[in-house]
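The chain below stands alone and is given in structure tokens; this is the form predicted alone.
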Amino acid sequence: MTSFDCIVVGGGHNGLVAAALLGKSGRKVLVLEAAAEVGGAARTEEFAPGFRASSLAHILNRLHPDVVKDLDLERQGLRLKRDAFIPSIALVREGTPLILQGAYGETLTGASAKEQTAWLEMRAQLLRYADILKPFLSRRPPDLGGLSLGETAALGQMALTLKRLGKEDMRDFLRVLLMNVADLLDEQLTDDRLKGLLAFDAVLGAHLGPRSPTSLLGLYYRLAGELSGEAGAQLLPAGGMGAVVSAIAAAAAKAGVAVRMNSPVARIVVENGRTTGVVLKTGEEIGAAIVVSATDPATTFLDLVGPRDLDTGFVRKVSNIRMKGDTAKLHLALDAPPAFAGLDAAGHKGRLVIAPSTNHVERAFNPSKYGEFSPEPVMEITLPSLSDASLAPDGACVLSAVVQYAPYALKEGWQAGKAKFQATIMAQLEAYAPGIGRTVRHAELLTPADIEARYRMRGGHWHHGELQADQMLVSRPVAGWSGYDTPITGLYLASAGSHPGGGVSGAPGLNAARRILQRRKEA
């Protein structure tokens, strides 16, 4: 039986980050990836002859600076410069679109002078409040049952940051922390286009509407992310999201990490409460004192470990993680670039959002509560081939869209409902870019059921579990086990199902590797 110091199950970006950092520490590390290539939901894939798109995540907006620095990703070819940042544009059927320029709206165009002033004040406030949460992204959540000196210091730092806000801001932060985003937007803004865009961003990827309690947390989570030191910045990586994965994989290779594709794991071996390695579906057994699971928590514990080696209460907690996806992904191969109303050539290279108002986003959400898809879906659209010609044939264009709401457990079933939902999406696109339907050469729609099957994400949820107040921080993935350790000695979690959650940040992999190295020092 071959053996390694560490085995990482899953070659998504978090698994690769954890592997690279463990490899840099001198450990002998093996990554086992079930697919034919690494990257998971952050791959760049060909979906039609000559047309390539980022598989699921298609905009980079929160790659953690410690990941970039520790793995020297810019030296590996990753470009994260301000001149590559893209705007967010609230599309309209007629009239002038509203545009947030720079790092999430440093300037606002298309709105009244009064609204611009109100937005800049609100943006500054949101960033101040998001800064309070930012330090927790790159550290394990505090163990409330036995705070270490470092955890106590971190909480003290948070308290000091709160104090520095001043009395008025401190009170307001505590008032709005668990508020719904719609109420806050109504307090400070009047432009429906701006409110619709912000409401969409707050609930993107979640089974929430803007009027759902705690929905404002989603906007804070977004703004706690950064690129090149700029909060809320976003860009389309040249070569698609796969270019980010390639840079991380290059750093892992440089650290001596071995990677095996087409190697699905059947079981994590547990003996006397301790992991001793894994068994592949081929029957091959590979030994390791440390196993890092970069798959979702439910798959890790319920399938790979199995309930027999776990406490009944823990199994119940894992089984109750809410992780049914509500988001679909659409790829279109177009014969020519579309023309969205009111946009010039530069505008088409931005992030285009169809979410006309807060109420529209709420109405789009309502059917999903009853197992139905939205008749007027809201969506985030990019045309990546306009900035990167390598993604499409000459003169043609790629459209990539994240679409809400599409419930995993569709009442009529996705076999019957998929074509209907695709037609609904196309009707919405046609309303904003007339004639786009005539240019479609090929369409690929990935429902949550498709996402589950293709990317091995239980429930088809991009974040490996809802990012809501009761499933964040000390309760992610479950209360009592939020710090990357698990009830199995030697087994650690490093996926989006761990703190701080989803998005292409690398933070779960970073934090898991740091925890492992810390535990080895303590031993």
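From 1 onward, residues are counted along the sequence shown. Keep in mind the model is a prediction, meaning the values are calculated, not measured.
Same protein, other form: the form predicted together with a small molecule, not shown, and the subject of what follows.
S.K.: In the predicted bound form, does His58 have a heavy atom within 4.5 Å of the small molecule?
M.R.: Heavy-atom contact with the small molecule at 4.5 Å: present for His58.
S.K.: Is Tyr455 one of the residues lying within 4.5 Å of the small molecule in the predicted bound form, judged by heavy atom distances?
M.R.: Yes, Tyr455 is a contact residue.
S.K.: So in the predicted bound form, does Pro500 come within 4.5 Å of the small molecule, heavy atom to heavy atom?
M.R.: Because no heavy atom of Pro500 falls inside 4.5 Å of the small molecule in the predicted bound form, the answer is no.
S.K.: Classify Arg193 as contacting or not contacting the small molecule in the predicted bound form by the rule of any non-hydrogen atom within 4.5 angstroms, answering yes or no.
M.R.: Arg193: no contact with the small molecule in the predicted bound form.
S.K.: Taking Thr295, Lys329 and Val402 as a possible spot, do all three reach the small molecule in the predicted bound form with a heavy atom inside 4.5 Å?
M.R.: Every residue of the candidate spot has a heavy atom within 4.5 Å of the small molecule in the predicted bound form.
S.K.: From the list Leu304, Leu227, Ala111, Ile132, which entry has a heavy atom within 4.5 Å of the small molecule in the predicted bound form?
M.R.: The residue from Leu304, Leu227, Ala111, Ile132 that makes the contact is Leu304.
S.K.: Consider the chain as shown here, without its partner, and state which of Ala41, Val67, Met472, Leu491 has a heavy atom within 4.5 Å of the small molecule in the predicted bound form.
M.R.: Contact residue from the list: Ala41.
S.K.: Can you tell me which of 80-88, 113-121, 259-267, 357-365 lies within 4.5 Å of the small molecule in the predicted bound form, counting heavy atoms only?
M.R.: Going by heavy atoms within 4.5 Å, the stretch is 259-267.
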